[in-house]
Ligand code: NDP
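Before any questions on how it binds or moves, here is one chain, the form predicted alone, in structure tokens.
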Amino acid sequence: MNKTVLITGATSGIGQATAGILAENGCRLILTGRREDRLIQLRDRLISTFNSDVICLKFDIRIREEVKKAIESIPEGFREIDVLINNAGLAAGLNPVHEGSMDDWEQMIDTNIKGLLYVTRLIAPQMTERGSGHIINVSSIAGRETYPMGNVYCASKHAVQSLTKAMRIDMLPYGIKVSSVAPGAVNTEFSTVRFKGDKEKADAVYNGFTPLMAADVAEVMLFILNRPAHVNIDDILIMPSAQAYSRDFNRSGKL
């Protein structure tokens, strides 16, 4: 697959796993994130394992000026971006609205919605100009359903779902594909971040069942990108066998 792919939030979880599977399949990669040490480690591993062409961009997706400066710094050989994977996102806190942290709300809105828009606004024009490209937005089951105490996180992922539909419409005249990947429970840093590093609470989320792994979602990304030119995967919902919808789990330990 001879494509140049920019992945936001590549330092862990789904982004990191997607970088691995795309490197294995011959993609040139632009890896972005805030944790430079992790970006460098991932870059070096992909180069040594797959002999990949990989560069890193360290920036905070919430800060528009940083995003612009980073995108403008992309070297010539990587400038024609074929695929944008808007993966960076997080959940912060798990409280009812009347007890919610406004700092948490701003972090989620700035990352999950505004950050996605900042990057897309800078990458999409080159796609429309040449009449080709693919944008994949990482959503969530939380973008389909609202669950108790998920309020602002669910709202942010509903926004991602809506923006994906809007992009699909806006990009249609230019032949650009737009897709959404919406996972259920995935065992990444997600819950650790949500619970501010409390590993006991984070681990309890996955008690009694086998959640998705980041690699499961990465394989879906590869599937989407490998479809023929006349096929666009608009939206995929991927769930653990033990999870039905947002709140229903089989915690018997058998799945």
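Heads up: residue numbers just count along the shown sequence, starting at 1. Computed from a prediction, not measured in an experiment: that's the story for all the values here.
One more form of this protein exists, namely the form predicted together with the named molecule; it is left out here, but the text below deals with it.
S.K.: Looking at the named molecule in the model of the complex, is some heavy atom of each of 4, 53 and 79 within 4.5 Å of it?
M.R.: Contact check failed for every one of 4, 53 and 79.
S.K.: Using a 4.5 Å heavy atom cut-off, which stretch among 43-51, 222-230, 23-31, 183-191 contacts the named molecule in the model of the complex?
M.R.: Heavy atoms within 4.5 Å of the named molecule in the model of the complex occur in 183-191.
S.K.: For residue 85, is any heavy atom within 4.5 Å of the named molecule in the model of the complex, or not?
M.R.: Answer no; every heavy atom of residue 85 is more than 4.5 Å from the named molecule in the model of the complex.
S.K.: Report yes if any heavy atom of residue 120 sits within 4.5 Å of a heavy atom of the named molecule in the model of the complex; otherwise report no.
M.R.: Contact check for residue 120: no, nothing within 4.5 Å of the named molecule in the model of the complex.
S.K.: Is there any non-hydrogen atom of residue 10 lying within 4.5 Å of the named molecule in the model of the complex?
M.R.: Heavy-atom contact with the named molecule at 4.5 Å: present for residue 10.
S.K.: Is residue 216 part of the interface with the named molecule in the model of the complex - any heavy atom within 4.5 Å?
M.R.: Taking the distances in the model of the complex, the answer for residue 216 is no, it never comes within 4.5 Å of the named molecule.
S.K.: Within 4.5 Å of the named molecule in the model of the complex, heavy atoms considered, which of 201, 196, 68, 35?
M.R.: Of 201, 196, 68, 35, the residue with a heavy atom within 4.5 Å of the named molecule in the model of the complex is 35.
S.K.: Within 4.5 Å of the named molecule in the model of the complex, which residues of 95-130 have a heavy atom? Give them in sequence order, or say none.
M.R.: Just 111.
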